[in-house]
Ligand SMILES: Cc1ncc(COP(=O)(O)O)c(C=O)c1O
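We begin with a single chain expressed as structure tokens, specifically the form predicted on its own.
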Amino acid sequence: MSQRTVYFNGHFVPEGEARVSIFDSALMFGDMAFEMTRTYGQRPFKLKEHLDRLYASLKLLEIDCGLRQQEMERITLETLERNLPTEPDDMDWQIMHDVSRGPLGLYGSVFPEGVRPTVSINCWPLITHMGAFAPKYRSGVDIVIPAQQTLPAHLVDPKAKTRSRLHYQMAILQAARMGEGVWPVLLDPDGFLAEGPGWNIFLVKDGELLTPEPRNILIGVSRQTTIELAHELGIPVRETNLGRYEGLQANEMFCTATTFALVHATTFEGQTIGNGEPGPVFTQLREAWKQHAGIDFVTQAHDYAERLPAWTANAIAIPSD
């Protein structure tokens, strides 16, 4: 297994040598925008849309990363190309962009070359993510509402994807106390369903696809893809306020995110959704997703699950740094 390479502040360096300063604003304030894209068939899926959101987040945070979006796209593709030979041809990848304001000026004397934004792009084999996730495609997930709420948009706009995500972590910890593997969906300050930590939620009621309006949520790329596919399939879609009541009345419920695309929910607040199996609308959308992505990501995940122990053992035997 060859060593992976990271783009870090203008240079390509071995993965283990990419270091962020302890004085970086990302550590001091969580002052960092980020994006996570995945590949299908080793080709980035909707990279432009992810970079559009990254640069929108940077504009909101008032960070000039020093790269035009077209340059960022070119460097991203080069980073991926440098890493592809380190894995077999059937390996897909996570592509992570992290951009912070850089070290705080107060500590400028530590940086004789001057302080500047911190920009990194790394690629990670999806076998670890999807191999571990594979069983959930069959079992579904159990969703609960934790005590932790999402942040209101008038404090921190959730449409910006930043590393200031302590509320997500608190929700995950609270859900974990309710049962192993339980997924939390946060309420917004008005008591409506907002989002999970890194995923969006959809309900199906009487054949209509429902999802929270984009007021207090991260507007996911996978969320938008799902809406577009639903329109193509003739499935009615409505963005609206949804609460615990609507969740309990739903015929189907599912989650969307970049890594796993979509996964059905088996229970909500301890009550079975439908018959606990993937519903007809979800099944239609999952098949449409596979065609759109050009790969059966469910079969791929199960294949990764079988290969994961050997991959992990090899990775430990040959550390990246």
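Every value quoted in this text rests on a predicted model; they were computed, and no experiment measured them. Sequential numbering from 1, following the sequence displayed.
Form predicted in complex with the ligand: not shown, discussed below.
Novice: Is residue 117 part of the interface with the ligand in the model of the complex - any heavy atom within 4.5 Å?
Specialist: So residue 117 does not count as contacting the ligand.
Novice: Counting only non-hydrogen atoms and a 4.5 angstroms cut-off, does residue 257 reach the ligand in the model of the complex?
Specialist: Contact check for residue 257: yes, within 4.5 Å of the ligand in the model of the complex.
Novice: May I ask you to check whether residue 168 falls inside a 4.5 Å heavy atom distance of the ligand in the model of the complex?
Specialist: Contact with the ligand, yes.
Novice: Given that the partner is absent here, does residue 221 sit within 4.5 Å of the ligand in the model of the complex, heavy atoms only?
Specialist: Flag for residue 221 set to yes.
Novice: Could you spot which one of 198, 152, 214, 243 gets a heavy atom to within 4.5 Å of the ligand in the model of the complex?
Specialist: Here the answer is residue option 198.
Novice: Please pick, from 129, 97, 161, 101, the one residue with any non-hydrogen atom lying within 4.5 angstroms of the ligand in the model of the complex.
Specialist: Contact residue from the list: 161.
Novice: Tell me the stretch among 235-243, 222-230, 171-179, 130-138 that has any heavy atom within 4.5 angstroms of the ligand in the model of the complex.
Specialist: Of the options given, it is 222-230.
Novice: Would you mind checking 51-71 for residues with a heavy atom within 4.5 Å of the ligand in the model of the complex?
Specialist: Going through 51-71 in order - heavy atoms within 4.5 Å of the ligand in the model of the complex - there is one hit, 53.
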